[in-house]
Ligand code: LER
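Below sits a lone chain in structure tokens, taken as the form predicted alone.
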């Protein structure tokens, strides 16, 4: 398993759960100093993560790209895949598609989290899930052309009412034959929604495509009450070899969050 840490390039998300907020170059430098294998980027748009921008920084600091988030489409533009307005849905797909292409050129997947949307007065659950399946099918096929999956992230009940539990999302993906779609299993969301976090990971098996390594309070692992031991054991049981990426608040400082994350990873991955 490989270690990654988040870099946010979106000013509107400065108070969000991302560790580094002071630019891509500074984030790469500090990530490397703390010993991370790679970075996960939350950009304002695809232009910020163009290969000619990102690849030289990765090479200079000996890093790899774990994934690129699409959440700025929601945070900055109010776009989501299940919106009642067809034009908004099409713009959401176009925004995500541009990030898929940028990530794919760099050999990484794109993440769909907040941009999935939720039901509303004009959009029933049945309709919303149809919209989601159609969008994931199209975007997953696009990602597959780059040799990458799409990472779909079930969120907690306060952020979406589509899928909150990993097994339900995995069943939805299978029922709709969404082969290129893998699950992003965020330990913070799972601590809210799952009866047994480790058991949920084992149940999803090869559907697990990415892990957000966060404690129960969305701080770095070790600042809350999550026990990482069973989580790592579960990941080993399903032969997961992907990324453990710190999507956490930069508390008490970004440097301390990075150091605590790396300490937890080294301790539990060495066990």
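Small disclaimer: the values here were computed from a predicted structure and weren't measured. Numbering follows the first chain given and starts at 1.
Heads up, the form predicted together with L-Erythrulose (LER) isn't pictured, but that's what we're talking about next.
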Residue stretch of 122-130, 185-193, 79-87, 96-104 approaching L-Erythrulose (LER) in the predicted bound form, non-hydrogen atom distance within 4.5 Å: 185-193
The single option of 155, 197, 178, 169 touching L-Erythrulose (LER) in the predicted bound form, heavy atom within 4.5 Å: 155
Contact test, all of 159, 212 and 218, partner L-Erythrulose (LER) in the predicted bound form, heavy atom 4.5 Å: yes
Contacts with L-Erythrulose (LER) in the predicted bound form - residues in 243-268 whose heavy atoms fall within 4.5 Å: 247
